[in-house]
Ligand code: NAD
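Below you will find one chain, with nothing else, as structure tokens; this is the form predicted on its own, and questions on how it binds or moves follow later.
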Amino acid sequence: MIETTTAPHVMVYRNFIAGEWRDSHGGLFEVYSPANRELLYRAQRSTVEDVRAAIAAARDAFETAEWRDDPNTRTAALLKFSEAVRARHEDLATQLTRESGKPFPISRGEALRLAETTSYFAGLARWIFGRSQVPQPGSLSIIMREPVGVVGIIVPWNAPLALLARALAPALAAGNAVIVKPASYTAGSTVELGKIIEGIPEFPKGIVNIVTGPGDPVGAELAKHEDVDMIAFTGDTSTGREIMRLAAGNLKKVSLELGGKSPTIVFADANFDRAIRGAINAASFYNAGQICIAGTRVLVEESIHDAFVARVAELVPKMKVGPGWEKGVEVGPVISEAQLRKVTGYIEEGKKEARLLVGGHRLTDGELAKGFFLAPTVFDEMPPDARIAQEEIFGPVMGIITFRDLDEAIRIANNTRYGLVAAAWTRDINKAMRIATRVRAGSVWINTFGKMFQSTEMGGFKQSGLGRQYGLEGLFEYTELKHVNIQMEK
């Protein structure tokens, strides 16, 4: 993104505040496709004043509308939103692929996930339950759940629709008002959702607001403003720490889904072909490795290491790299030139730490020269303590580590500051359960990877975050508990 300079005819996205479309006080920025650097649109470079206007609109809507007290209205609004997203999912997916370069089928799945997640939480809006008890004769205690209030949602660029859904849907279902700050690289696909919300009368004006612009000041103001009651952030761990620091001013609630360096553990007794495919899928090459759960550390049992490496070296170079709108593309570009420089820096470091197996270079043949494309890269003989084994690269880079036995596999798997997800491939239920109970990760998959359901929570251990998404736990993140005691007269 740069300051606006040329092509005055391109689309301009405005902020959505209090049910109105508004220009910001800070001018515009431009968004380009990472696949060919085409100028896609302009969006608002919002200021602190713009953010404060959105916060004021959200606070007014929360305090004056019946939204928080009427679960039937919330259910109806969310179901209509889900249906509208489903009806427009092809258009949203096209927009997302243009913004991110990711393969169109992945974008389509993401748009549909937004619809599915919203409909799931629409069904839970009428089931926000507490409990009651009689703590002593003549006394009734009621434990209630109420909405938190005004929630700021800061969305990343790597999966903006899916990751917005798991915060927006439960926050609204619980009765909150929200301000959404999209990632600048993918602002357009998020602002398009404001057009859908605008057309649904059940949404009170100001219950959903969307403000575009840089993390500082937009995200920073949301995090520190005293009239924001909660922040839901998905992104890297260092930014998550800063969000926590800023949120400490009024001790607001925080929900953080942060970085990962996830292990995929392949035992000798696994279904070999399934494990190979699973490990490659886990590395998230389909999104150029730009997924927080990506299983980029592949732990392979010593006795099958050579066969595993040979098969990976055969399959990975065959993956088709290109713009996500081209048929058959499996690997799109990284999101920006800055990200390209970051990932190539890690690759050069990796060449000193491990053995480069495949890839390791930028792709510049033909039309690929216009974008930010990297060959899917795999390192072998990666030391567990190497930088490329410890730090989140967020690019199409996978590393293979050899282990001798179950205990060593568990030690290596736990040898990072992260704890988001893990996976193991084995036919031995005892090994599977040892991995599931001993590896410190919020989700553990056995003989599969990436299975996330709206009805089952997910979240991280250690420096992979705080709080949980999806399921009842994800809904309750956006509520506060209140104790009401009633003393009865005799």
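The shown structure was predicted, so the numbers you read here are calculated from the model rather than taken from an experiment. When you see a residue number, it is the position in the sequence shown, counting from 1.
Below: the form predicted together with this ligand, not depicted.
- For the options 146, 391, 353, 236, the residue carrying a heavy atom within 4.5 angstroms of this ligand in the predicted bound form is 236.
- 219 is the sole member of 376, 333, 219, 399 with a non-hydrogen atom lying within 4.5 angstroms of this ligand in the predicted bound form.
- Figure note: of the listed segments 408-416, 311-319, 255-263, 105-113, the one touching this ligand in the predicted bound form, with heavy atoms no more than 4.5 Å away, is 255-263.
- Not one of 89, 100 and 194 comes within 4.5 Å of this ligand in the predicted bound form, counting any heavy atom.
- This ligand in the predicted bound form is not approached by residue 204, whose heavy atoms all lie more than 4.5 angstroms from it.
- Contact check for residue 181: a non-hydrogen atom falls within 4.5 Å of this ligand in the predicted bound form.
- Shown alone here, residue 158 lies within 4.5 Å of this ligand in the predicted bound form, counting heavy atoms only.
- In the predicted bound form, residue 163 approaches this ligand with a heavy atom inside 4.5 Å.
- Shown here without this ligand, the chain has no residue in 58-97 lying with a heavy atom within 4.5 Å of that partner in the predicted bound form.
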